[in-house]
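Before any questions on binding or motion, here is one chain by itself as structure tokens, the form predicted alone.
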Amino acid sequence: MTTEQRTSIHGQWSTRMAFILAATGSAVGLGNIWKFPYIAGENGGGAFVLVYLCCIAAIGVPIMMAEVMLGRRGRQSPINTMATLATEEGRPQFWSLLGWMGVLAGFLILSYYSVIAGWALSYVFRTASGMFVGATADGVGSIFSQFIASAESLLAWHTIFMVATMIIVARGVQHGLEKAVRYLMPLLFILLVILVFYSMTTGYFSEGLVFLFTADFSKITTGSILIAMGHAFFTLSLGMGAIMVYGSYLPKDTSIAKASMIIASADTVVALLAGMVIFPIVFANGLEPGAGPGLIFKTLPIAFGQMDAGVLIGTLFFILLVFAAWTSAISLIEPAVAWLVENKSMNRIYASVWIGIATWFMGIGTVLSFNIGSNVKWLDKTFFDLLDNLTANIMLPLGGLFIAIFAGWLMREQSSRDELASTEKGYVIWQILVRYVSPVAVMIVFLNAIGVF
């Protein structure tokens, strides 16, 4: 079968915009809402944003183009795609391990991501009920501590989130994934814009913009650059099979380069808008902007409990978090579901249930990491910390590195030219970046993450 004749048995996106919304949904997650604004503010504001944008252009977009290209050329799950392409390009079959690593990384990430997303889902209802109205810092901290100390509560919200994710994925590409992102992504942007307008009324909007965008190049260090490089890679969901499997559903006439640049731009815009929402609220209430992940569940609820219309604004904020988590979750489970459908003769419903149950069981380890199992450690890390470190610091960088090597060095030039369908200048720039710049940058990030330097 030629690549022109090859089609995905799972269907394909009805339009380019459907793919862009889905891939952007995969990229936009919990990290965009709190991590990017926080690290930007702490590492030079506008100066860091400039460094980050350069990293997106030199590392993120080229590897995203490569991953989408591999997916569309193979038209299968990442595992089968890499096996097929290795054969076609005359390369050893062990390259299918790249697909296995991506699928496994997505599975492991979702197992703990679902637990954290369950926290956000719980806080939608907690905030809407007025639980934080008039609460002190100690009160809000106590609410959070009691919540994560209850394994039963965490398990219940983890279960609800996983079931919701499985239902969407079970419905297929156009009826499930596409319909979900067609509504969730526009709603996410609308919620962000509404919250930005609210932040403008706090009286501290300008302080928030100064914190986020003032270029302080004195704060740009080697560490800052490494943080920008790492976040540029991880924020686009690269190396976990999600972008590759979404690429396998991409129509042939869609420009991979244009779509990748739009996705990267949208992902960055969401992160910046989130900063414009969070920091004016933080400054207006005299809170600590450097609270990291605690900002969401320990710090912002104090502000929501004290501000006018705080119940409404707080509820909208946590709904926004849930939407961001949900669009990422469906992309994380899809590669494994696609493989079961292709290799085990399952329909999508059964495949989604099996993978969903397996992910749910794995998530129990993360649930227990925050309460009765918090003292159970390996290498001085809880189960949750181990999974997070293994995936974020080892599996994803290696996946991105090998994607760049295969697409840039091992695929025949005619194969990549055929898929990218770019101008001569555009193709040469992509080839230089994916062959030389991206692999070196990802390797530096990887070595830094594992403590080599």
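Whichever C-alpha set is largest while still superposing within 1.5 Å between the two forms counts as the rigid core. Keep in mind the model is a prediction, meaning the values are calculated, not measured. Heads up: residue numbers just count along the shown sequence, starting at 1.
What comes next is about the form predicted together with a small molecule, which does not appear here.
- The closest heavy atom approach of residue 161 to the small molecule in the predicted bound form falls outside 4.5 Å.
- Taking non-hydrogen atoms only, residue 245 never approaches the small molecule to within 4.5 angstroms in the predicted bound form.
- The small molecule is not shown here, but in the predicted bound form it comes within 4.5 Å of a heavy atom of residue 235.
- The small molecule in the predicted bound form is approached by residue 27, whose closest heavy atom lies within 4.5 angstroms of it.
- No residue in the set 12, 172 and 336 has a non-hydrogen atom no more than 4.5 Å from the small molecule in the predicted bound form.
- Comparing 53-61, 407-415, 424-432, 29-37 against the small molecule in the predicted bound form, the single stretch with non-hydrogen atoms within 4.5 angstroms of it is 29-37.
- For the candidate set 281, 85, 109, 351, a heavy atom within 4.5 Å of the small molecule in the predicted bound form is found for exactly one residue, namely 109.
- A heavy atom within 4.5 Å of the small molecule in the predicted bound form is found for exactly one of 331, 366, 260, 165: 331.
- In a rigid-core overlay of the protein, residue 39 has its C-alpha displaced by at least 2 Å between this form and the one not shown.
- After superposition on the rigid core, displacement of the C-alpha of residue 56 between this form and the one not shown amounts to 2 Å or more.
- After superposing the rigid core, the Cα of residue 185 is displaced by 2 Å or more between this form and the one not shown.
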